[in-house]
Ligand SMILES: Cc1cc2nc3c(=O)[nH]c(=O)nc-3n(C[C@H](O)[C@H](O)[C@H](O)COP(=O)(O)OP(=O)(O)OC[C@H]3O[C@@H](n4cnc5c(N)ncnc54)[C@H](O)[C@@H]3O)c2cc1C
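In the block that follows, a single chain appears as structure tokens, in the form predicted alone.
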């Protein structure tokens, strides 16, 4: 993915809608026309919980159309609980868009998108962009059970072909989502994926075995979101276009360097990762 000049800024927004897709899984929509205009598929934002008592939390940008953007998140702690308590009319401050999103410039015609759990929050925008470009998009969506395959029908309505996988077998493939991808009769031209690290590692292995390029959106806890703390690094090939320019790799003589998931990522080519 090419590193692009940042268009991030702080946006003072207002919540316009709220949906609870399942217990503790929220979609929060807010008015942010400048954020919408600047957002590229796969980017994220830092949401500042009301009151300022807890630090900002990184969340994928789920929707971005017109003047409305949204975030989809699971309530897992104090920060997401504070966001989940917001209602239409409440103020919300966000910083974004941040990070490097998916590279959709190759004109691919057949794409597999793999989402695990909360990873679904980062793949609606790339799915929409690919569908608008005329690509066939298959969504491989995995969760613990059918109830947690949240907003699956939204993707079907958009034009995706849905292939579900659940740990308990309550819908679709009984097992892990990467197994469904590996068993597909035809390999896609490109794989995009977002989800837990074990799932991403498994998807990268499937992609390598099937000789398909893959872009992985890594899940990480960000302290700052702007690359200042170097607390979210991942090893990548020094030859990668996303390798940071500092410190220069030549000084250490290594063919592997640490890239910050928050700024050089969160999306990386699977073949560049050295994890």
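Residue numbers count along the first chain shown, from 1. A quick note: this is a predicted structure, and the numbers were derived from the prediction, not measured.
Below: the form predicted in complex with this ligand, not depicted.
- Remark: of stretches 178-186, 157-165, 132-140, 79-87, the one touching this ligand in the predicted bound form is 79-87 (heavy atom within 4.5 Å).
- Interface residue remark: residue 57 is counted as part of the site for this ligand in the predicted bound form, having a heavy atom within 4.5 Å.
- When this ligand is considered in the predicted bound form, residue 218 lines it closely, a heavy atom lying within 4.5 Å.
- Of the heavy atoms in residue 202, none are within 4.5 Å of this ligand in the predicted bound form.
- Using a 4.5 Å cutoff between non-hydrogen atoms, residue 73 counts as a contact of this ligand in the predicted bound form.
- Among 127, 94, 121, 191, the residue placing a heavy atom within 4.5 Å of this ligand in the predicted bound form is 121.
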